[in-house]
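First, one chain by itself in structure tokens, the form predicted on its own.
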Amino acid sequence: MKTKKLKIVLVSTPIGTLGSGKGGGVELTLISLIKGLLHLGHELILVAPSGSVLPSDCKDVDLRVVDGVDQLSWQKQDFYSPVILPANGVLPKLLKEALDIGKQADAVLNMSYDWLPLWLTPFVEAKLFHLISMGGVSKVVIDAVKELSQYDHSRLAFHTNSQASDYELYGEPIIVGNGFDLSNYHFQPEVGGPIGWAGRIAPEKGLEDAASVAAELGETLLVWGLIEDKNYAKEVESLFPKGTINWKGFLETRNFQKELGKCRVLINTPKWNEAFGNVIVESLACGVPVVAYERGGPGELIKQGITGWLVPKDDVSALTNAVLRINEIDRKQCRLWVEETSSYKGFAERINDWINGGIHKKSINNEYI
């Protein structure tokens, strides 16, 4: 069936410019979504912080940029922290621009995890949808999601059931997963190789546990990612013998997947309820099996004994033992699972179905049916 062409305004993360790595997995998700929605024939306008850059295959997007101070990520705040909007903050400016354009669009899709866009939804002319990118790390955001779900549940979507379980919802969660341009990830069949870890270098990612595994095995851990917390990075490095960690930095996808694919295993050690786990899918796309804590999104992405091993939360000994069993995993099965579940085209189709469903909902006396 032919997809009806929509005009969709996308709101980028206010945490940093696209291409900087500051936005974490949201950046990768947004680029994949843009490619998929363009493939479906939709007209896209992206509102993002000044300095944002897009890959060449997203050139058909109408990019609008605004200046402003980055919003502080909720990952860096306490659960009960109040809402803080910095002077000249970029978040209100992103929303003003997007909502103005959205008056003549079919939908506005917000990718920022914050209270303000959720709270605004019932009061604006544009149809504002939200792809929630994190688990419940903020009380005010959790409450805003609850209120919006009661107002119009169709405006909310989540990556995994584990993530959605952090929120009190007035209906079954709309789960859209995630998607990737798999042509950017090359399957590497060779077994052996080093141990890898990837993610933002911040306490909630649990790098120290992966380093413990490497130290126990007398190996070097290759670490990719933006060092978000320099003090944390120094502290972790100081805990282990010199050379245990090899800092590889933040790499764009082409170079990252080339290096990652040489690993025999990726270790994933979240200390919080990960909404999805992009790096897990990226690793599997290269044929690299994953060992991870059974917490949040990774618990839904890894198929036990097929694409890797799940172990109890925070059990470093179990992580080590699972790494020792990694050669039992067929690398071809890792790539096959990703191809079957995680293409960017499939992701865009799920987003398309969700937004279309919300656009065409009817309301009677402000109660949605």
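Residue indices: 1-based, along the sequence shown. Note that the structure is a prediction, hence the values are computed from the model and not measured.
Heads up, the form predicted together with uridine-5'-diphosphate (UDP) isn't pictured, but that's what we're talking about next.
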Worksheet item: Taking 4.5 angstroms as the cut-off for heavy atoms, does Arg155 touch uridine-5'-diphosphate (UDP) in the predicted bound form?
Response: no
Practice prompt. Could you confirm whether Asn278 comes within 4.5 Å of uridine-5'-diphosphate (UDP) in the predicted bound form, counting heavy atoms only?
Written response: yes
Practice prompt. Give a yes/no on whether Gly261 approaches uridine-5'-diphosphate (UDP) to within 4.5 Å in the predicted bound form, heavy atoms considered.
Written response: no
Worksheet item: Does uridine-5'-diphosphate (UDP) come within 4.5 Å of any heavy atom of Phe250 in the predicted bound form?
Response: yes
Worksheet item: Picking from 24-32, 53-61, 312-320, 328-336, which part of the chain touches uridine-5'-diphosphate (UDP) in the predicted bound form when contact means heavy atoms within 4.5 Å?
Response: 24-32
Worksheet item: Here the chain is shown alone; which of Trp74, Trp115, Trp224, Phe129 has a heavy atom within 4.5 Å of uridine-5'-diphosphate (UDP) in the predicted bound form?
Response: Trp224
Discussion item. Please identify the residue among Trp272, Tyr232, Phe240, Tyr151 with any heavy atom within 4.5 Å of uridine-5'-diphosphate (UDP) in the predicted bound form.
Written reply: Trp272
Practice prompt. Go through 193-214 residue by residue and record those having a heavy atom within 4.5 Å of uridine-5'-diphosphate (UDP) in the predicted bound form; state none if no residue qualifies.
Written response: Arg200, Lys205
